[in-house]
Ligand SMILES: NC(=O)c1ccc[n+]([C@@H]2O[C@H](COP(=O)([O-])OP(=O)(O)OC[C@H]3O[C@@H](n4cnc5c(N)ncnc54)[C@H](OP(=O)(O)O)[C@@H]3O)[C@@H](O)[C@H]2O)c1
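Next up: just one chain, as structure tokens, the form predicted on its own.
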């Protein structure tokens, strides 16, 4: 192992679940060591993402949950590297990074991950913005790969007031693809309308389904991206234009099953599929992923600024998660290891 700092401690703070279902706590654990092809990163900031929580819920063995450090993405400085050309090239650089081991996540003071899951941050990109430059931006670019490959003229996005939802509209405007934004209440609808969104529908509106039908037909919006998975999803699929696609990429409602009208799916040739970023990046291949990372880097340097509603030290991880889940549309919540106290 090649170290770029002589001050790497032997132990670090990291966030764990105390038991299945919570709460989040911090424990002192050994600092991990990078193997061949890996780097050790001193974490500067890490966001709380719905996918972080969802990943923990998928772990069924109570014994396994105790060893998992959450956190899929973050930013930091490469302070040590294992053998290999790429780890050496990243030595000492400030990077955006993604976790490659379930027992080494970004909700910690140090992270070991594959060098290929890091990319250098431009000087214009702050530590905070850089920490959020992988999961959501790459997900959105993945959406638009699907949109353009299948030649959709417009799209519908649920939970559109979220950080990811704002990115979807930004990229849609850049590429000339109209976005119908679905939000859960009138307050969120007004927020988006004030910010300049042309097409906003409030899911709590009693006439929502009819308005969705009219908007989708008018704009020829033939693909729906849904991260909510509420009972409304079945009703929404019934009013989509013939030949539409429904892409499910989250389950914010927590519903375990959704009811669809099979006759409507058959008669209208509606296709339903799932989207998981990890699978998408494997499918895209190295060259496509490098292009996407380059595009993300440009966006973070110019147009894309993600709103942050709060910053918390690792010891306040439970408060950070509660703050984010209680109001996702208010902006991202970050864990900042070197922070000494909760900051909103």
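Treat the numbers as computed from the prediction; the structure is a model and nothing was measured. Residue numbers count along the first chain shown, from 1.
Note that the form predicted in complex with the named molecule isn't included here; everything after this is about it.
None of the heavy atoms of residue 65 is located within 4.5 Å of the named molecule in the predicted bound form. Using a 4.5 Å cutoff between non-hydrogen atoms, residue 228 counts as a contact of the named molecule in the predicted bound form. Residue contact check for residue 159: one or more of its heavy atoms lie within 4.5 Å of the named molecule in the predicted bound form. The named molecule is not drawn, but in the predicted bound form it has no heavy atom within 4.5 Å of residue 336. Stretch 245-253 is the answer when you ask which of 111-119, 90-98, 245-253, 260-268 has residues with heavy atoms within 4.5 Å of the named molecule in the predicted bound form. For the options 154, 77, 135, 272, the residue carrying a heavy atom within 4.5 angstroms of the named molecule in the predicted bound form is 135. Here is the short version: of 277, 308, 56, 29, the single residue with a heavy atom within 4.5 Å of the named molecule in the predicted bound form is 277. Residues of 33-53 placing a heavy atom within 4.5 Å of the named molecule in the predicted bound form, in sequence order: 49, 50, 51.
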